[in-house]
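The chain below stands alone, shown as structure tokens; this is the form predicted alone.
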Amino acid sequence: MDPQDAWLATLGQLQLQMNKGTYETWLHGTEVLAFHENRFTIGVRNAYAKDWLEQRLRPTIERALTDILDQPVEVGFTLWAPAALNEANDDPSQPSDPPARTNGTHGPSRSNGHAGDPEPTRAETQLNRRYRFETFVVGSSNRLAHAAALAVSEHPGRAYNPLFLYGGVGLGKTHLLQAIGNACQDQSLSVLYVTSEEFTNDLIHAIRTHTQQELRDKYRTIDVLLVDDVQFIAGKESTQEEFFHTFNALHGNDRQIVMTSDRPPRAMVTLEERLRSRFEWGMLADIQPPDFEMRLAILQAKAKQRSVEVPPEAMNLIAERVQTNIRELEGTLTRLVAYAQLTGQPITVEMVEGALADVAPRHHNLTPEKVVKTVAAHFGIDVERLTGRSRTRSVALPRQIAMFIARQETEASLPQIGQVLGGRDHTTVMHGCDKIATLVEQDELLRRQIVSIKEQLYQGLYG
């Protein structure tokens, strides 16, 4: 039997033995590149498929080929690029690597794979020119994320791939993401910035209009893919399937992938394991809420950009009162500047006090003790029992909820929270917080209970 016919027959047999997703992921598009001395050389499209086939499916494939040819055979896998083969020679038994094109400045020039297509414009990639590394304020809470993003922009596809940035709302993830995109476009690389919602909408549109190939051309032939709020693809099967193949295609060709999320991959409980593991392949960098010094530095930088004079005392007051969110910090300054311009008055401490009247310092008056009392009252448990040694679920779960809320809503450290909850070790508190963070993603009732407890807390403080 001809080697190519034997391989097609083997693929048909394997397709019957495994589910569609497995077959499409690892075997679809493979071809025989050579057959010599009872050894098949099979071409695959990316390194992940090559590794997976060698480690997991080689014995199964060899048995199937042996049965079909009625003689023992061996199978090897190699990376294969069809376009490069056609350019190099007409002999498929001699696979060759795609020819690299250089631009003389930034190493390999990887356009979008279509020679006649124009490079995407900044409007098409939705990049905001204001988001640059030069305008990003670096502090202890974001130093690692900034350094990783800068390295990626200087060596896309080689430094950290993928780069996964995570942190709370309004801490600068989108700024860093688009700063990478702007820096890469300055190097004449093709960049695509999308939110996970836009990716999902593009997929739905492609399915409805039968234009899946156009979707793949859009996402898989660029140099840098930037995905904001990637956590929203979790739980969406078709979106995860398409993103999985897009990820493999880009990563297998050394194209850079950068994602942002409000949580690390391990906390995305409805995310497929194969995607979670890929998200963790490269570099994970978290961004923490800014400390007082960094908040002050951000305010000073923004005031300088707007060319406005703000007294140091007013700056300090804003930095003290707005503690967790850089976006809220900037918004407060914008309101003050607008008010000062409209009234023709200089910005004063009194003006800041008035502007911040509705900005209650969430953590200022809230203590772990108050959290424990509120949680105990909510669940009808004595505080002594909540902080005691009991491990029954009716007590252990509320205790972990108290740990979780105290960690989120107060300035207390893990050891301090543990001390209030009966002298528990900080690792116990950390475990409790992680457990509730995971359960909140799955349990709607628990999520509502936590919201209700927080409302009780703040009604008691500010009501």
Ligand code: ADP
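Values in this document were obtained by computation on a predicted structure and should not be read as measured data. Numbering starts at 1 and runs along the sequence shown.
Below: the form predicted together with adenosine-5'-diphosphate, not depicted.
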Using a 4.5 Å heavy atom cut-off, indicate which stretch of 326 to 334, 376 to 384, 230 to 238, 275 to 283 touches adenosine-5'-diphosphate in the predicted complex. 326 to 334
Checking a candidate spot here: are G12, L53 and H245 all in contact with adenosine-5'-diphosphate in the predicted complex (at least one heavy atom each within 4.5 Å)? no
From the list L150, A206, M294, A340, which entry has a heavy atom within 4.5 Å of adenosine-5'-diphosphate in the predicted complex? M294
Name the single residue among V269, V308, V169, V349 that comes within 4.5 Å of adenosine-5'-diphosphate in the predicted complex, judging by heavy atoms. V169
Hey, in the predicted complex, does S190 get a heavy atom within 4.5 angstroms of adenosine-5'-diphosphate? no
Given that adenosine-5'-diphosphate is not shown alongside this chain, does F136 nevertheless sit within 4.5 Å of it in the predicted complex, heavy atom to heavy atom? yes
Verify the contact flag for T174: yes if a non-hydrogen atom of it lies within 4.5 Å of a non-hydrogen atom of adenosine-5'-diphosphate in the predicted complex, no if not. yes
Could you tell me if R130 has a non-hydrogen atom within 4.5 Å of adenosine-5'-diphosphate in the predicted complex? yes
Can you name the residues of 288 to 312 that have a heavy atom within 4.5 Å of adenosine-5'-diphosphate in the predicted complex? M294, I298, K302
